[in-house]
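The chain that follows stands alone, in the form predicted alone, written as structure tokens.
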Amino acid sequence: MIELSNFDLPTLWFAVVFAFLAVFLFLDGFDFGVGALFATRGDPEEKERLLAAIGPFWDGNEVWLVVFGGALFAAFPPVYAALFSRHYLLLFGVLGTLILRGLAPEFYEQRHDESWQRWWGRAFVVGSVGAPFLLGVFAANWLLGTAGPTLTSLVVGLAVVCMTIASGAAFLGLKLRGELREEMVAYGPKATLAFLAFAVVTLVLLASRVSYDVTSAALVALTVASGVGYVLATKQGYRYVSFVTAGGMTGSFVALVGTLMYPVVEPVRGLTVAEAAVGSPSIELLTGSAALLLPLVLTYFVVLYSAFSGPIDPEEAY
């Protein structure tokens, strides 16, 4: 019988928390990206098709933000308390943009009035761009142990916005047909190159604050390789490869943030992963509960994505 106490559970949960963050930034990231690309469309029918593409998924994808916050609270309560009290206004901004992103499509569909739809369309774009930007600022502030916005955190925010646009373009490559698909997909390589440029600037700005080792260097290389692979796959029309490499780009970028932070998880107070984790037997109970519940959550997402797989029909609406 496997004894949970034989594992380094605090380190395992540190990795799990960042894995949940990566899943959220990829799955809800393509929703954000579609919301940002919504700003490029003027034709009402094309806007309807973009909304229809993410309609079945976006509220389910947002569950991973709750999972991330819940796991952080359960495994590292001092970190959760410190981060949420130190970034009170910033996280209210994240919450506000998420609410705006959620409400806007619902109100957009309520009235077929040009002025009404124009303003709610703008609200949808603001929420879709604002949420990933503020989440990027939050992640950078967490890594650096700063409370207010800095040049580095602003650059990371812009990098996350570009990353989500690349994911959104890849997702639309799978969900749309015809000329609209080609126009949306064309934004992906541009967003990816902008993301890589912001990522390089971030690494330069971080050079005096963190130390790079073999693992972090490998993750930098993997991020760049995923970005280059995305651009090449998109140019060749390999839609599924573009989507997978967009996921690789997101995962390796989030893993890089976690690697640069480890073993410290609360830089302001200097708390390490072992010091901040809940004690035994709580962490063993948490691990056992996650082992039972996580397969159910994953099964739900497999069913969801299977049921709504494939391109949408042109007449489909949100």
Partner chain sequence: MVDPVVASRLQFALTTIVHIVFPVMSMGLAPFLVYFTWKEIRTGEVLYERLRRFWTKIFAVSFAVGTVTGLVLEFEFGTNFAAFSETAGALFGGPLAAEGMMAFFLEATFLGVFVFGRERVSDRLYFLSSVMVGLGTWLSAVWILVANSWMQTPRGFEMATKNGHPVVLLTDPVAAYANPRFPWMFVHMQNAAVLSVALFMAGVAAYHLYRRRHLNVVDTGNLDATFWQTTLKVAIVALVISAPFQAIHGDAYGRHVAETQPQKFAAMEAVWETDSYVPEYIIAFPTSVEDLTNPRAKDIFGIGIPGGASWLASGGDPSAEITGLNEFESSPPVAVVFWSFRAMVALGFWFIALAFWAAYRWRTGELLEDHLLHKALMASSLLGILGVELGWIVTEVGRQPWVIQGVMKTSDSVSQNLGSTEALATLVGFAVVYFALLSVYSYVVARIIRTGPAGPVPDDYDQPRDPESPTPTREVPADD
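In this text, all values refer to a predicted model and were calculated from it rather than measured experimentally. Numbering follows the first chain given and starts at 1.
The next section is about a form of this same protein that is not shown, the form predicted in complex with its partner chain.
**Student:** Of these, 121-129, 223-231, 108-116, 203-211, which stretch puts a heavy atom within 4.5 angstroms of its partner chain in the predicted complex?
**Tutor:** Going by heavy atoms within 4.5 Å, the stretch is 108-116.
**Student:** Which residue, Ala217, Leu151, Leu95, Ala186, has a heavy atom that falls within 4.5 Å of its partner chain in the predicted complex?
**Tutor:** Residue within 4.5 Å of the partner: Leu95.
**Student:** Can you work out which of Ala71, Cys162, Ala139, Val155 has a heavy atom no more than 4.5 Å from its partner chain in the predicted complex?
**Tutor:** Looking at the other structure, the residue within range turns out to be Ala71.
**Student:** Does Glu48 make contact with its partner chain in the predicted complex, using a 4.5 Å heavy atom cut-off?
**Tutor:** Glu48 lies outside the contact set for its partner chain.
**Student:** My question is simply whether Trp64 lines the interface with its partner chain in the predicted complex - judged by any non-hydrogen atom within 4.5 Å.
**Tutor:** Although its partner chain is absent here, Trp64 would touch it in the predicted complex, with heavy atoms inside 4.5 Å.
**Student:** Find out whether any non-hydrogen atom of Tyr238 is located within 4.5 angstroms of its partner chain in the predicted complex, and reply yes or no.
**Tutor:** Because no heavy atom of Tyr238 falls inside 4.5 Å of its partner chain in the predicted complex, the answer is no.
**Student:** Indicate whether Asp59 is a 4.5 Å heavy atom neighbour of its partner chain in the predicted complex.
**Tutor:** Yes, Asp59 is a contact residue.
**Student:** Can you name the residues of 288-304 that have a non-hydrogen atom within 4.5 angstroms of its partner chain in the predicted complex?
**Tutor:** Read in sequence order, the residues that approach its partner chain (within 4.5 Å, in the predicted complex) are Ala290, Leu293, Leu294, Val297, Tyr300, Phe301, Val303, Leu304.
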